[in-house]
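Just the one chain here, laid out as structure tokens, in the form predicted on its own.
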Amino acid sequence: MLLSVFDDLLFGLGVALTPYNLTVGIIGLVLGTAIGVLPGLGGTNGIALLLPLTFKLQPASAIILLASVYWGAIFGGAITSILFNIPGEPWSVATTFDGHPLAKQGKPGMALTAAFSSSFIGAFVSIVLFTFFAPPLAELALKFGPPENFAVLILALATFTGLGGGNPAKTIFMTLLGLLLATVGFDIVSGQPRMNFGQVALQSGVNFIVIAIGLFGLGEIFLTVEEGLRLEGIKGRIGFRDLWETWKLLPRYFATLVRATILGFWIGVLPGTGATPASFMSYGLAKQFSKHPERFGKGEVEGVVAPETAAHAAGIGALLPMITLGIPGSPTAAVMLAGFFIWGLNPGPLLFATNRDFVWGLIGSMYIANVIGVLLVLTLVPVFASINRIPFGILAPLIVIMSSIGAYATNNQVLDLWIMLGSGVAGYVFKKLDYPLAPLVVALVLGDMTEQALRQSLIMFQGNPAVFLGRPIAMIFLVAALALFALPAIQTFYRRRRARISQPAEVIG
């Protein structure tokens, strides 16, 4: 069987390396990187816009184009997150926590190199897993229904909330605020609009990208302006030598790379989850297992490595249930799945036999696109990093213009510009009051998916919450989530207890 897989893989590499398909893949990577850089567009929207262009292509070439756009968008999303504190993609939010502080310290080259290199590692290992273990992993993923998905998403919220550090009350408040914002829009069961305050534009909900651009991008600009407008850019030595210096650091984070890859790939395989919860969970776990958790959020390289590795691994994993079962693992995979039917293909196990060139051409293109993509972005690291040398007085208006275009492009409505501005003011106030932005963003991103999984679970069992007690996998995840939610209170209790015990000893001494 192993020899058969190698034969199929060589056949797929041959399909992907034909001059036409190779050209299509490179075009897709360039387009995807540009799409990832632009806030508000994103891989899902980019693929949806490009889907009509594939109708005239052969199915193998079409899927290679869309998959390459997907890889490029994941690479590109890290660029604006690190340089401008503006997430290009939802899964890039966790990258801003340490990537942007590194850039502000004059180390944008290190942050970008760490992001791109770890992304390559996570994706490459995931592609190998995809190649050799696709059918059994897909069957295992079928055991995860709405109750299990709900438990995984709650664990993602708990991981970031319970392990985030800081003031627990402020963390919980921001998490609840994010969940509240996630409820704006149509009720997923009754179809009734809720919390839209009579605004038709809010019936589709509050767009995450608009909020993130305001909180992180504009909020950062407001703080910088208040501290005194810097007319000079951020100075720092930027060159190809930085790549080598960063690569020498990566072996230190071997355990983080392994953990993030496995976690990201598995979360990606689960239908309906995708790269966003994987990146947040990976960041939270990296902080928990780190010997220096206090460095996170201040420019820690490991804080860039963990979410980027998981995001790319999840991006690969999300395609596995789409190919083998016809169940998309992410919104982007769902758009690709629509292309399958347009091209006259039926996803499922038989696809490996009936359309060998399509399936193995896609798998072969994953290897090639990942290698070409990382070489492309690593070559341009000095160019990207040099942007930070532009004086802030010139760069700030450009960031505001780019943010406004990205916010408007999400739904083509002026209201989003006002939401972005309000989010910017809120981000500035929260930072001044030392309220963490990360829990709000995590809850906003995962809130809709979590609610949907919960309500589907309750509908399946006529509203009986005991559904979770009869599902062992879901119970394990929920117990772990509850433990993480309670962790800050337990830590506070033990700190106070140690202080009371040590105080009499100090008095006696």
Partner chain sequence: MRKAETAGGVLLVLFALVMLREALRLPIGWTVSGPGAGFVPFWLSVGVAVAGAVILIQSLLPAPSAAEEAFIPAQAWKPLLVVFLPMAAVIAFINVLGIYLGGALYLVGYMRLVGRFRWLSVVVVSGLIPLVLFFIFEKWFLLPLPKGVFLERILYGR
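Numbering follows the first chain given and starts at 1. Owing to the predicted nature of the structure, the values given are computational and were not obtained by experimental measurement.
Below: the form predicted together with the partner chain, not depicted.
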* Interface stretch in the predicted complex with the partner chain - options 255-263, 125-133, 181-189, 296-304, non-hydrogen atom within 4.5 Å -> 181-189
* To do: Classify Val383 as contacting or not contacting the partner chain in the predicted complex by the rule of any non-hydrogen atom within 4.5 angstroms, answering yes or no.
  => no
* With the partner left out of view, is Lys104 within 4.5 angstroms of the partner chain in the predicted complex by any non-hydrogen atom? -> no
* Looking at the partner-bound form in the predicted complex, is Leu482 within 4.5 Å of the partner chain by any heavy atom? -> no
* Asked: Should Pro397 be counted as a contact of the partner chain in the predicted complex, where contact means heavy atoms within 4.5 Å?
  -> yes
* Which of these residues, Val225, Leu378, Ile372, Leu250, gets a heavy atom within 4.5 Å of the partner chain in the predicted complex? -> Val225
* Counting only heavy atoms, which residues in 445-463 are within 4.5 Å of the partner chain in the predicted complex? -> Glu451, Arg455, Leu458, Ile459, Gln462, Gly463
